[in-house]
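Taking the form predicted on its own, here's one chain by itself in structure tokens.
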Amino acid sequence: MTQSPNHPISQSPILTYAPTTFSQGRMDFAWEELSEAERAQLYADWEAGRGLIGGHPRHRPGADRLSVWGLNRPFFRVYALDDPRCDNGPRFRAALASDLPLEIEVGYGRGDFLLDRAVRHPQRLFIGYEVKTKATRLALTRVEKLGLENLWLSDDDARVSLPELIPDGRLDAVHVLFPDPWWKEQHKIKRLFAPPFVDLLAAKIRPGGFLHFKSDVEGYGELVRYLVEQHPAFGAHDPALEERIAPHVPTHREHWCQVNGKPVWAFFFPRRELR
């Protein structure tokens, strides 16, 4: 699905696909099924907090306070919800406690897909995680220009924030679109998708919800499919689930792929009922 020309966000100058410096990059992504020892090491790394982008949020200077630019805006950090200088924490907690269906995007970049979802679905709640603080600040400005009241942003690593803040079974959908595959051997520890992360998604997505994943790196898509489909809480990729996000606009990366004729691999994994 692509951008609907009759939708108000597609006509807004806030959502435009400017020329970029994207390139195809390397595509030679290789992987093998995990041995028991490798799987155990991934769980040990997770428990130790290794591989978090930017380090553990708890270790930020002044972790219990928001940056001044985030005060009284739709922005949160996991350890700063009680910052007395603003009402971010109480408002975020109230939103989470509502009965609005909740969707999360992990690594939203510029926020094109997420902003469009929030505009189209005002009766849904959305949360976006992006560890690049500059991107978060830019997206916050776009949220406010669009007047959105159903979207919250954070620059926390979702691997820390989700377990701390989101109740089990609260999520209708999780979107992970074009994450960094972290090709180099020494960087594999930073990859978002590993068995502990899939466990986390299984806990937070309600039965009947789904995980939506896209990549322009075929091998990484195959790795994610292997990790998710072997988990008992998820069913096999079901292309029919794409209807649940139709219509939508592409991310900046996917738009670049479309313009340049590059393939994209999309997966939709249903969260099944467990008996």
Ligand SMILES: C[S@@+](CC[C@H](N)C(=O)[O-])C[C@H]1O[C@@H](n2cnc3c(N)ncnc32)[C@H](O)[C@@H]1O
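From a predicted model like this one, the values you see are computed outputs, not experimental measurements. Heads up: residue numbers just count along the shown sequence, starting at 1.
Quick note: we don't show the form predicted in complex with this ligand, though the next part is all about it.
None of 96 to 104, 157 to 165, 74 to 82, 117 to 125 except one has non-hydrogen atoms within 4.5 angstroms of this ligand in the model of the complex; the exception is 157 to 165. The contact residue chosen from 179, 169, 89, 196 relative to this ligand in the model of the complex is 179, the criterion being a non-hydrogen atom within 4.5 angstroms. 131 is the sole member of 189, 148, 203, 131 with a non-hydrogen atom lying within 4.5 angstroms of this ligand in the model of the complex. Taking the partner from the other structure, this ligand in the model of the complex has a heavy atom within 4.5 Å of a heavy atom of residue 53. Contacts with this ligand in the model of the complex, taken as any heavy atom within 4.5 Å, map within 233 to 253 to 251, 252, 253.
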